[in-house]
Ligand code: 5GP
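Presented as structure tokens, the chain that follows is alone, the form predicted on its own.
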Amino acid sequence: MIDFAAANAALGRADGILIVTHSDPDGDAIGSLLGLGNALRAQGIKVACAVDGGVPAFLQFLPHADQVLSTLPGMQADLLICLDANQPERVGQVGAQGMASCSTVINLDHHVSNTGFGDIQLVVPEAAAACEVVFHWLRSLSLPLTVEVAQPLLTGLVTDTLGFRTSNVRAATLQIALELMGPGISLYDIVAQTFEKRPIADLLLWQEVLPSLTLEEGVAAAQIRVEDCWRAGLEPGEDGDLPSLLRSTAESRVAVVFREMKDGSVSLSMRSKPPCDVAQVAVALGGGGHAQAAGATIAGPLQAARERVLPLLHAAANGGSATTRS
């Protein structure tokens, strides 16, 4: 349910606003965070933007990315806005602090798996990105689309649709992109920054990991161990966009990368080609996402995680439905 009137009233009542997004943020998470935060700050509203771990390096070109907090040493907000997260657990430690301290929570999202948390719902499952929902919210507030607002929002829209190539892209999505380019935003520059500036560390990670690649029943799978990341010069948990690489193979319908984390858990990054749906698998495992891109974190070790998850993905790749296994 979309309730812009209630959200606008909450903004008007707030003495301080905290905006957060999900841990391990992508372009849509940071784009919506900065697009909304920059728009509200320009109106003289007291706003803090935060995400566990801060802004990833590839998105630090966005305006005011340096103002995003990675931790919250103190809380002085009474309104919490959670962006691009299907459940409250996804907004990490900064979100947990906000939930404990703020009297009102706005839930802005576009995941069909959203659990409906918070006091005010701005959840639009048909939207191609959370940035699309932010765009409509700012329109309801009659706020201008300055460069500082439009560039992050367009970046989120571009990255979450893989350059307007996902199945949820509609004519309305492209119209929003055109409006966001209006202030003089270069679509080419955004694509170059987000898709065409791959660090050599990503390729070194692929070199370490591709020997683990398997292809069974339409599912391409690979695993990343902690030591693979260290050898490539990356922090454990990074995947070098390997899930998208696996999905691009002609033979795969579904792709998954099992990422071993430092605490022994296993983070799953799943991708699919229409009509296969990996969101149902993610939800069954306690995660969430979209039909073509989803994720979850489960108990390790890697081999146990593979034995639990791969049968679910085989079913998703071949027209079945996901059911959990203990």
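One rule holds for the numbers: they count along the sequence shown, beginning at 1. Predicted, not measured: the structure shown is a model, and the values here were computed from it.
Beyond what is shown, the protein has a form predicted in complex with guanosine-5'-monophosphate (5GP); the following relates to that form.
The stretch in contact with guanosine-5'-monophosphate (5GP) in the model of the complex, judged by heavy atoms within 4.5 Å, is 85-93, chosen from 201-209, 85-93, 166-174, 226-234. Within this chain, L62 is remote from the site of guanosine-5'-monophosphate (5GP) in the model of the complex, having no heavy atom within 4.5 Å. In the model of the complex, guanosine-5'-monophosphate (5GP) sits within 4.5 Å of a heavy atom belonging to A294.
Contact check for G37: no non-hydrogen atom falls within 4.5 Å of guanosine-5'-monophosphate (5GP) in the model of the complex. Using a 4.5 Å cutoff between non-hydrogen atoms, G289 counts as a contact of guanosine-5'-monophosphate (5GP) in the model of the complex. Of all the residues from 246-263, the single one having a non-hydrogen atom no more than 4.5 Å from guanosine-5'-monophosphate (5GP) in the model of the complex is R259.
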